[in-house]
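In structure tokens, the next block holds one chain alone, the form predicted on its own.
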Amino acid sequence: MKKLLEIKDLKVNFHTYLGEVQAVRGVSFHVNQGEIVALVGESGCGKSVTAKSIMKLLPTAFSHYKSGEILYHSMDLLKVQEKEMETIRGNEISMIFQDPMTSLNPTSKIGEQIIEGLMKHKKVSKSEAYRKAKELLELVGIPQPEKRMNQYPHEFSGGMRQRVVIAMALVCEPQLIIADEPTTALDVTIQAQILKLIKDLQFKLNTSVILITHDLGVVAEICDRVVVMYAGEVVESGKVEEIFANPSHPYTKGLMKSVPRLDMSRNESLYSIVGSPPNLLHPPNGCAFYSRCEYAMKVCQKHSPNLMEINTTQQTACWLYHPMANPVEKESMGGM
């Protein structure tokens, strides 16, 4: 499959009064044309910072791209000037934000907000833009689209507002959509509808999607591949079926075990990963998951593992899979 986007060794720091926070620490992954890739991990692991780096939406006053490349059609977006980035942002790459209420302008009609992006990036008349916007509202499942075009965001429910935001992201027919936890604020019924909508639209338009979520049920439902992040790093990546059937990194295993199961007994406690993520003001020298890992070895404390291939499609950053790892030490620390 053709690579649409490739991130190589991305490092992003934030300057704070306490010091420099290393929010993203050498992230690398790719997105193929027409596939849905999930970025998963607990809060603060660098998912949203990575996504906003692609769009170059981080505040320039206190954020800094320390190193790396973000290659879109082999063009490094980190080297693109802001004026050129404006022609890409919202046109070729769009973003669906987590809270639709704060994403929409409460003082403008819905139709005007959808038309705005189309008029900016495409050479179309206002009447043509209006017709396109109405078609999109119908496509995303909003009834009476002509009437809804003249209404304000407060006249829509949460699920309807999220559909409007999706319509805004699709209006210029982008090649890549970044969806930052688009269903978090919605109830489960509306969540299922929105996920089906994203999957259907991705299939119809052959659009690539980066889905940021902490909900593994969502990942299993609509995604093709998974990138697991922890403490600003990628710790595992692979196809959805591989990650769910055979998770390799201890952190991924912990995430899987934390999901409630229907076959659990009433008295059984829900599994939780002990401890807390490291302070990224002073990240550890070795594996960031060392202090929370039941399989930790001496090498993990001193040296950070690189991503290693388990097979042609699955990679993990864990010393347990290194060919030189000491099997005796593995057994003494809990084994596999």
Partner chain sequence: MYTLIKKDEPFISIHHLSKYYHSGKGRQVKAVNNLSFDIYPGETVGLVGESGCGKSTAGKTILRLHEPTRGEVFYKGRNIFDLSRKSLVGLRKEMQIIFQDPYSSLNPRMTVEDLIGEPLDIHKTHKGKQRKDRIIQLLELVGLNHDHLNRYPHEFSGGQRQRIGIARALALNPKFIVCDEPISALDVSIQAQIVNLLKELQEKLGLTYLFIAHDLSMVKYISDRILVMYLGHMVELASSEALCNDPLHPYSQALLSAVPVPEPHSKREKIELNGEIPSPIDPPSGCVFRTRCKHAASICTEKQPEWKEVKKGHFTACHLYK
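Just so we're clear, the structure is a prediction, and the values are computed from it rather than from any experiment. Positions refer to the first chain, counted from 1.
One more form of this protein should be noted, the form predicted in complex with the partner chain, which is absent from this view; the next part is about it.
J.: Would you mind picking out the stretch of 92 to 100, 131 to 139, 241 to 249, 116 to 124 that comes within 4.5 angstroms of the partner chain in the model of the complex, counting non-hydrogen atoms?
T.: Single hit among the candidates: 241 to 249.
J.: Could you spot which one of Met85, Leu205, Met75, Ile190 gets a heavy atom to within 4.5 Å of the partner chain in the model of the complex?
T.: After the contact test, the surviving option is Ile190.
J.: Only one of Val209, Met160, Leu104, Met149 gets a heavy atom within 4.5 Å of the partner chain in the model of the complex. Which one?
T.: Of Val209, Met160, Leu104, Met149, the residue with a heavy atom within 4.5 Å of the partner chain in the model of the complex is Met160.
J.: In the model of the complex, does Arg292 come within 4.5 Å of the partner chain, counting heavy atoms only?
T.: Arg292: contacts the partner chain in the model of the complex.
J.: According to a 4.5 angstroms non-hydrogen atom cut-off, is Val218 in contact with the partner chain in the model of the complex?
T.: It does: once the partner chain is placed as it appears in the model of the complex, Val218 has a heavy atom within 4.5 Å of it.
J.: In the model of the complex, does His214 come within 4.5 Å of the partner chain, counting heavy atoms only?
T.: Yes, contact at 4.5 Å.
J.: Is Ile70 one of the residues lying within 4.5 Å of the partner chain in the model of the complex, judged by heavy atom distances?
T.: Outside the cut-off, so no.
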